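Starting off, we have a lone chain in the form predicted alone, written out as structure tokens.
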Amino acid sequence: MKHCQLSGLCQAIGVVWSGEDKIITGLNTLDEATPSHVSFFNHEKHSAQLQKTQAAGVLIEARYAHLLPPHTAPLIADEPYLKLALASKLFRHTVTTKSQAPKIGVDCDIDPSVRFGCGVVIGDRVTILAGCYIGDDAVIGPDTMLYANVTLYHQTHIGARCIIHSGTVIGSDGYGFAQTKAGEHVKIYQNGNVIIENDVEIGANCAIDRGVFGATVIAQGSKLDNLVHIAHNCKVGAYALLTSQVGLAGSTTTGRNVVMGGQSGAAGHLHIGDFSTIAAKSGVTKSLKGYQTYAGFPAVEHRLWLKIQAKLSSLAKK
């Protein structure tokens, strides 16, 4: 695990700081940060989380610093989100070409062309076909099948009895950038991981991004069709069915047994309730209650959508 002194972090990214020096092991959200984490605050809607955070320090504008709890140091910055991007680089995973024999369970069938990083752990009766890459510290549970040319980035965790089809990439960087005042884009390094729980099947050519902090999660029993994209820090609930070309933007979550039709999608930081069905090509722009069917853009309750379509059709005939 990478770590640094709080004083060194502040010096590296150019922020004002004073107080007790501490060892910092990473970055995290306000509500999930521990006393060894640094967090950030850039919107008043998170004020309640700010006052309860356990973070060692928070990147924050001076005008909000008085809201911090006594144990949290204000790290004063005019652009906290930009400073977060700069800080994320300090904790990034070091990518190398080093390879090490993995720890392999019994009765596995692994093609000789498979390439491993360091610290890989593979359970019993795992099958991995030609051309796969398994990154550093990845874990694959028993009875899991990886078809040809699957890529697992570092620290990806795959559960038991999973099936992952060819061309899928799990653990690639989420799409995160901070913008300077000049309009330049600064990369936010994605230092979380991906957790695929037991009995999940993932189709061909899917992309599941790692978390910025924490994990992107595909919960037990979910089934993803081909060409599905799950962005950073999403949490797909148990037994979801996501069909071809579904896309979830960052930090969106779903309840259990959610069904999403082809080419439907959701904006970020939303929640789709249990047993919801999203019709094909629908666009979810706000959180939705469970146990209903939704359609259209923006997605609304299906019966309302049918009424709207009927009205539009009658207007077109006049």
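Remember, predicted model here, so these are calculated numbers, not experimental data. Note that residue numbering begins at 1 and tracks the sequence as displayed.
The discussion below concerns the form predicted in complex with a further copy of the same chain, not included here.
> Would you mind picking out the stretch of 80-88, 211-219, 240-248, 67-75 that comes within 4.5 angstroms of a further copy of the same chain in the predicted complex, counting non-hydrogen atoms?
Careful reading of the contacts points to 240-248.
> So in the predicted complex, does any heavy atom of residue 193 sit within 4.5 Å of a further copy of the same chain?
Residue 193: no contact with a further copy of the same chain in the predicted complex.
> Is there a heavy atom of residue 149 lying 4.5 Å or less from a heavy atom of a further copy of the same chain in the predicted complex?
It does: once a further copy of the same chain is placed as it appears in the predicted complex, residue 149 has a heavy atom within 4.5 Å of it.
> Does residue 201 reach a further copy of the same chain in the predicted complex, with heavy atoms at most 4.5 Å apart?
Result yes; residue 201 sits at the interface with a further copy of the same chain in the predicted complex.
> Please tell me whether any heavy atom belonging to residue 294 falls inside 4.5 Å of a heavy atom of a further copy of the same chain, as the geometry stands in the predicted complex.
It does not: once a further copy of the same chain is placed as it appears in the predicted complex, residue 294 has no heavy atom within 4.5 Å of it.
> Would a further copy of the same chain be touched by all three of 18, 29 and 162 in the predicted complex, meaning a heavy atom each within 4.5 Å?
Spot residues vs a further copy of the same chain: no contact at all.
> Within 253-287, which residues come within 4.5 Å of a further copy of the same chain in the predicted complex, counting heavy atoms only?
256, 257, 263, 264, 265, 280, 281, 282, 283, in sequence order.
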